[in-house]
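For reference, the chain that follows is the form predicted on its own, supplied as structure tokens.
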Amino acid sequence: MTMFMDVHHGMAGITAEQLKAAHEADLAVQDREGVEFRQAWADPESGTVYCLSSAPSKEAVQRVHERTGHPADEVHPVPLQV
């Protein structure tokens, strides 16, 4: 499985509770696409949210986010880690 970092824009003012709820929504449906969401981060000031996952494809990541009502603006493979 490949690791992916996806990015959501336009979420200015997001709270910790809202980020947690969005992440939990992804976790609730991730198995349907074979995705494992690992962590999410947010910058409320810029409205940017980042999600780290392992998945069979970037399309699978996007389908999970679409099902939960917050499609990603960008999905990037990150095949190298240290």
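Model, not experiment: these values are computed from the prediction. Position 1 is the first residue in the sequence shown; the rest follow in order.
Quick note: we don't show the form predicted together with a further copy of the same chain, though the next part is all about it.
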message = Does a further copy of the same chain, in the predicted bound form, lie within 4.5 angstroms of each residue among Ala28, Ser54 and Ala60, using heavy atoms as the measure?
response = no
inquiry  = I'd like to check something about Lys20: if you look in the predicted bound form, is any of its heavy atoms closer than or equal to 4.5 Å to a heavy atom of a further copy of the same chain?
reply    = yes
key: a further copy of the same chain contact at Met5 in the predicted bound form, heavy atom, 4.5 Å   = yes
task = May I ask you to state whether Met1 is within 4.5 Å of a further copy of the same chain in the predicted bound form, using heavy atom distances?
result = no
inquiry  = Against a further copy of the same chain in the predicted bound form, would Ala16 count as a contact residue? Criterion: heavy atoms within 4.5 Å.
reply    = yes
request  = Give, in sequence order, every residue of 40-77 that has a heavy atom within 4.5 Å of a further copy of the same chain in the predicted bound form, or say none if there are no such residues.
outcome  = Ala40, Trp41, Ala42, Asp43, Pro44, Ser46, Thr48, Tyr50, Leu52, Glu74, His76, Pro77
